[in-house]
Every structure is written in structure tokens, then in C-alpha cells.
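Before any questions on how it binds or moves, here is one chain, the form predicted alone, in C-alpha cells.
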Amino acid sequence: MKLIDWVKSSPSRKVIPLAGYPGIKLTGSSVRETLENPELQVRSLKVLFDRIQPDGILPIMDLTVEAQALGVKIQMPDQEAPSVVDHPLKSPSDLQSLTVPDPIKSGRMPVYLRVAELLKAILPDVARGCYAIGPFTLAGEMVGVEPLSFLLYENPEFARAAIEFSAQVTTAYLKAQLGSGATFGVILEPTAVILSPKMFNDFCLPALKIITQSIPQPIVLHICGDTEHLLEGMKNTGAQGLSLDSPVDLPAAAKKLPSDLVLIGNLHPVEVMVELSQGEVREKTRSLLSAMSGFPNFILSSGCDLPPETPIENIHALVQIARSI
């Protein structure tokens, strides 16, 4: 089923907050334990799901899984999201020595395959997503974002090769998670926000098409920040949905984009979901739903991943309002 058909399959507005980290505090475990233990992660996700009752569930977002599987050094604090601390890809010869990791056995990729499998078992009738880092962002983790930016001009062949290799990694990882039980995939491409429309079309778009053309299940593309300058390119990636962050004027974007392209978003994850009261979250949610009332190709969500400190009551309020309208 196409994503747009699922969105239109019920009269009520679909709602899928980008929530994962807030569920960790419900089980009293550490971030590191939850990212390394699939059973513990699924327990956190199930407790969160039972509390808020969304239309779909996503695993806990981790932007370092693919890089770590490629041998990139990362740091994993107990109570914070992991991050890359080294950028080992310096030359084309370094790239030639790399092989696409096997998701069944490489790094922590098997953790998320198991998460997909367990979520399918306990939530068989729920939309279940999976995450994979985008090719431009993964290339930036291996090369470094600033060096990669220079390579786009100074050595575009090397930059393009690194991005295309990264697309192979993303494709393999998404296919494995979808084969393990996820029903749709989300490509996280935050670094692409720095690109001009031309650079996006030249370097990012072809790599994203490689992924979407290789995978039959619905794919959603998420790029953090203000992506209004990239919407034209994003709609051409082959993704069935675009997850748009809070700086984007969502109704204005909806008017520019095809009616069968699903838009997901976009309440501010901090200024609204963390800092406001439950009543204020309800009002912000009503306002967004009202602005998007003429667009059936819309899933209510947060603009980006919700921080661990997000009050569960605020997430529940977001879902409740969607159910009541």
C-alpha cells in the first residue's frame, strides 16, 4: 500500500510523533543501554505506545549506526545520543578499501533488525517505521561535513563516489530492517540542509533516487531545519512522504507539492513540545490541524525527533487533539 492510501484509509487524522527518547525514562534505563539492547528498546517503545496510542511507531533515532558499522569511531554517553568523533575517509583510496556492511552482523545494525522483528510481533496492526541515515549525511560523517563541503567544489568525483557508496549502505540497511518487520522507512538526511538547490540536485538527489528506486516499501525523507529552498528537489527523490521541520511553513509547502506526496510535521520539538504546558500544546496542535485541514495528504507529528525530557503528557495531548478533530 502506498503511504498516501494509508493516510486516507481512515476518517480521522493520522498522527505519528517522532518520539523514542521520551520512552526511555518510562523504563528507567539509560540511553546507552536502550540503544544496545533491542529487547529493552522495544520495551520502552511499547510502554510509550500504550501511553500515547499513536497511529505508528518508530525506533529510537540513532545517527551513528551506519558509521559505526563502517568502522568510524563514535562515543556513546550513558544518557545522551551517540555521536561520531572521527572522520577517517581522507582519500579515494580510503574509499576503495571500504565494503558495504552486512546488516545481519555489522556493528549495532542487528540491534535494529531485532527491534523491527519484535515490534512486528507485538504491534502487528500498527504502522512500524525504521530509520537509516541519508547518503550525504553519512558521507559527511566519514569525511567530515566541512571537508565534504569543500570536496563538492574541489574534488566532485571523490565527493560523488563517497555519497554513492553511502547510498549503497543506506539501501542495504533499510532493506534489512524492512525485511525484518518494518512497514516503512525514514531516511534521515540532516546535513543536506546546508546545500543550495543546485548542489542538492547534483549530489544528493541522484543518491536518494538510488535508494527509493531499490525499495518497494514507502520511504519518507526527513531533513532538519528550514528546507523550503529544497522542496522542489525533495519532491523528486521518489520518497512517498516528506517529514518537514518546524521552520517550514507547512500549509505554504503543501500548496507547492503534489497532493499524493504525504507531508509529516511539524510542531516544534522544543519550543512547543517541551517548553509549553499541556493546554498550550493542545492549542498549537489545533492551530496546525486547522491550517492543514484542506490537505488530506498530511500526518500530524513533531517537526523533528523529540528530546528525552519531553513530557509524556504533551505527546499524549498532541495525539488526543488529532483524535478529536
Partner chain sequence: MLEELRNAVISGADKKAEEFVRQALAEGKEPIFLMNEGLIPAMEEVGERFNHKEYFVPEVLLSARAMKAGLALLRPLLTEQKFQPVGLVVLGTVQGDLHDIGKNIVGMVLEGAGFQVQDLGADVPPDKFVNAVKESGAQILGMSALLTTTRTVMATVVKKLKEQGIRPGVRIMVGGAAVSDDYARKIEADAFAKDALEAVAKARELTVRR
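Please read these numbers as outputs of a predicted model, since none were measured by experiment. Positions refer to the first chain, counted from 1.
The same protein also has a form predicted together with its partner chain, omitted here; what follows describes it.
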Which residue among Val72, Leu152, Leu231, Val126 has a heavy atom within 4.5 angstroms of its partner chain in the predicted bound form?
-> Leu152
Position in contact with its partner chain when the complex is considered in the predicted bound form, options Val85, Ala121, Ile104, Ala252, heavy atoms within 4.5 Å = Val85
For the three residues Pro54, Glu280 and Glu313, verify that every one has a non-hydrogen atom within 4.5 Å of its partner chain in the predicted bound form; reply yes or no.
-> no
Would you please decide whether Ser196 lies within 4.5 angstroms of its partner chain in the predicted bound form, comparing each non-hydrogen atom pair?
-> yes
Proximity of Glu33 to its partner chain in the predicted bound form, heavy atoms at 4.5 Å = no
In the predicted bound form, Val270 touching its partner chain (heavy atom, 4.5 Å) | yes
Could you tell me if Glu80 has a non-hydrogen atom within 4.5 Å of its partner chain in the predicted bound form?
-> yes
Option from 172 to 180, 196 to 204, 231 to 239, 109 to 117 whose residues, in the predicted bound form, bring a heavy atom within 4.5 Å of its partner chain = 196 to 204
So which bits of 277 to 310 sit within 4.5 Å of its partner chain in the predicted bound form, heavy atoms only?
-> Pro307, Pro308, Glu309
